[in-house]
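Single chain ahead, written as structure tokens, the form predicted alone.
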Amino acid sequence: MARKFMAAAVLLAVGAAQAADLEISVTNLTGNTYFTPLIIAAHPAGSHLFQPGVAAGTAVQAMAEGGDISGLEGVVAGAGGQALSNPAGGLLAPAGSFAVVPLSTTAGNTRLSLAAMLLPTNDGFVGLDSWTIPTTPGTYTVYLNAYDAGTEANTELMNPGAGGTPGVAGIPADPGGKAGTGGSGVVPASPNDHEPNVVHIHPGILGDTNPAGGASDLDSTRHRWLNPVAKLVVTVK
């Protein structure tokens, strides 16, 4: 009996050691690109919000093409993880950041992931895939790249009706109001054969300087960006 109690005590101690009290903030490092509502998740090592080099599922597609994180919330819940949804309280503007938010993880949720659509893009998103949460107290800074979901061709054409239904081509919005109209398309909308059909590093925006024509509806002098696009700061208590 004593051995059983000792074994139980050891398991509880291990579980407690895996839990962590975190403070999290994110800064948008771009000049004219907005982040849709973020999802930040603590989860087990074997689960993912997305994986580079792997085809995007429906939840990733909905997030990357329209900013809908409800499917990813379901993925996190199904894995036994914990999600912070929309900590910025809406769009995260260029050069903006949100106030530090707390996250107390439970045992086993040792990895941290993050995702949010980039506007204006066809299917670009800022992402962090399964980052190991440090066990040593301190402040940790991670710079985040933009990914392309590989689910939609990067036409760079505005289409206000695109965001509500995954698979409908086009950029749903430019919150900064700097996009043009009348573009012919950087690439054809179909088939999407100018890029790999898996999650990959986003090639960035080409744009042009013709607000009423040209190939793109995006402005190359305003909308172009390079990686990294965000800074994540995690404080482990």
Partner chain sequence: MKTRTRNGALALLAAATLAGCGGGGKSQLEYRVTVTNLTAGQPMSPLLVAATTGGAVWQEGQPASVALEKLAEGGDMSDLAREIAANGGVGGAAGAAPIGPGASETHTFSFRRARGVTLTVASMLVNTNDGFAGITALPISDLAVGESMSRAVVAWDAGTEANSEAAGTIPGPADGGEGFNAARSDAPDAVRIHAGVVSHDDGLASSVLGVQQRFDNPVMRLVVERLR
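Positions refer to the first chain, counted from 1. Please read all numbers here as calculations on a predicted model, not as lab measurements.
The same protein also has a form predicted in complex with the partner chain, omitted here; what follows describes it.
At a distance threshold of 4.5 angstroms between non-hydrogen atoms, A95 is in contact with the partner chain in the predicted complex. Mapping the unseen interface onto this chain, S25 falls outside it, with no heavy atom inside 4.5 Å of the partner chain in the predicted complex. For Y143, a non-hydrogen atom is located within 4.5 Å of the partner chain in the predicted complex, even though that partner is not displayed. Interface membership of T30, defined by any non-hydrogen atom within 4.5 Å of the partner chain in the predicted complex, is confirmed.
Site residues S220, W225 and P228 are all in contact with the partner chain in the predicted complex, judged by any heavy atom within 4.5 Å. Only one of the listed residues (S70, S184, Q51, T209) places a non-hydrogen atom within 4.5 angstroms of the partner chain in the predicted complex, and that residue is T209.
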